[in-house]
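Starting off, we have a lone chain in the form predicted on its own, written out as structure tokens.
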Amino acid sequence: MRATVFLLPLALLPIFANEFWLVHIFSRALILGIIALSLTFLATYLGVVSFAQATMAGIAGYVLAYFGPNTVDVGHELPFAAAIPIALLMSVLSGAVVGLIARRSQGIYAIMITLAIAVAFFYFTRQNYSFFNGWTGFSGLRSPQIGDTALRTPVVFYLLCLGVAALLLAMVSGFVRSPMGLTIQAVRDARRRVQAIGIPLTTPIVSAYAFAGFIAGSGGILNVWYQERISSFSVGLGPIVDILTISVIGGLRHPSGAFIGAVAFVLLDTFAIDFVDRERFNTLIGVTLLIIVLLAPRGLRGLWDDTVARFGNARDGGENTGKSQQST
């Protein structure tokens, strides 16, 4: 639950921030952080880096677009009460399928398999028009309206993103303490020992990917409401690399690092143009990533933990020194 606590002060942000900061900075950062959380969950508790998280989020977004209101006359509109659960279910199933395919892979092999799946889905969305509407995708996607209040209203949408992020962090915290969560961590630490005691590896691995698919799908739905459109570009190589970059910047070994990295990424993406040419943004991100990897291998969250621990040790050392002098 400690990972959820750091999000709570953000609930006061609407008192101070304007619409631009609420929607285009913090809401966007929370959405990207949710999708990156699905990656950091797998990296932290299963020990696997997946490149298919943007794909899982994209599947949820496409399903919501297909079964929701749009302006391209593709799909079958259903009430949001039905379309949202279907979208989440499909993202969970997509995660399970990815896990089933990649269940025997670790390290670079898991990365390559999930990347191949993601790239294959990207090209499939461009070529399929009956469900994905090809290159163009879907536009005019509207968020639900509760009474007279639209969820896309800046303050409401920001609080919705914040609430979903806090809920998912709490779910991750609870899930990893459950019997299945503990089994997943056992698979991470000692696959052969897990097999030796008679536990099949497929079930915990597929469960981990399916849960990650649920997390990514939640972010994918929010991203559709934020962008108000979805296309093949939403699941292309750019978003795939962005999610990995966010996770590495924040820290792959702690779930809350996904949100820290997302805030840093969005701030760079938004304001870097004031300092460097827009075409050099990827260079700036690459340099930033290189510096973090070299100076703080555990990301910004790891750097924060190390700093707090260092000051704590220094304070404890000072107190112990003072006590020893008094006793002398």
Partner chain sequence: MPVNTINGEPYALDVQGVGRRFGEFWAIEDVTLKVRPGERRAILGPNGAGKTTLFNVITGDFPASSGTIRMFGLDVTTAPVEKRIAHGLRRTYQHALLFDGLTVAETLFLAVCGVAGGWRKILPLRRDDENRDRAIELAHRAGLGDQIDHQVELLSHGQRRQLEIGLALAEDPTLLLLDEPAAGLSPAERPKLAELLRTLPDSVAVVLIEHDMDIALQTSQSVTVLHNGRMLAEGTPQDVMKDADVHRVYVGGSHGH
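Remember, it's a predicted structure, so these values are computed and weren't measured experimentally. Residue numbers count along the first chain shown, from 1.
Missing here is the form predicted together with its partner chain; even so, the following discussion is about that form.
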Next on the checklist: Looking at heavy atoms inside 4.5 Å, which stretch does its partner chain contact in the predicted complex, given the options 142-150, 76-84, 176-184, 157-165?
Outcome noted: 176-184
Checklist entry - Do Arg188 and its partner chain come within 4.5 Å of each other in the predicted complex, heavy atoms counted? => result yes
Item to check | Partner proximity in the predicted complex: Gly99 to its partner chain, non-hydrogen atom cutoff 4.5 Å | outcome: no
Checklist entry - Quick one: is Thr203 in contact with its partner chain in the predicted complex, heavy atoms, 4.5 Å cut-off? => result yes
Checklist entry - Just to confirm, Thr71 within 4.5 Å of its partner chain in the predicted complex by heavy atoms? => result no
Checklist outcome for this item: From Ile111, Met90, Val194, Ile240: within 4.5 Å of its partner chain in the predicted complex by heavy atoms is Val194
Checklist outcome for this item: When its partner chain is considered in the predicted complex, the residues of 219-255 having a heavy atom within 4.5 Å of it are none
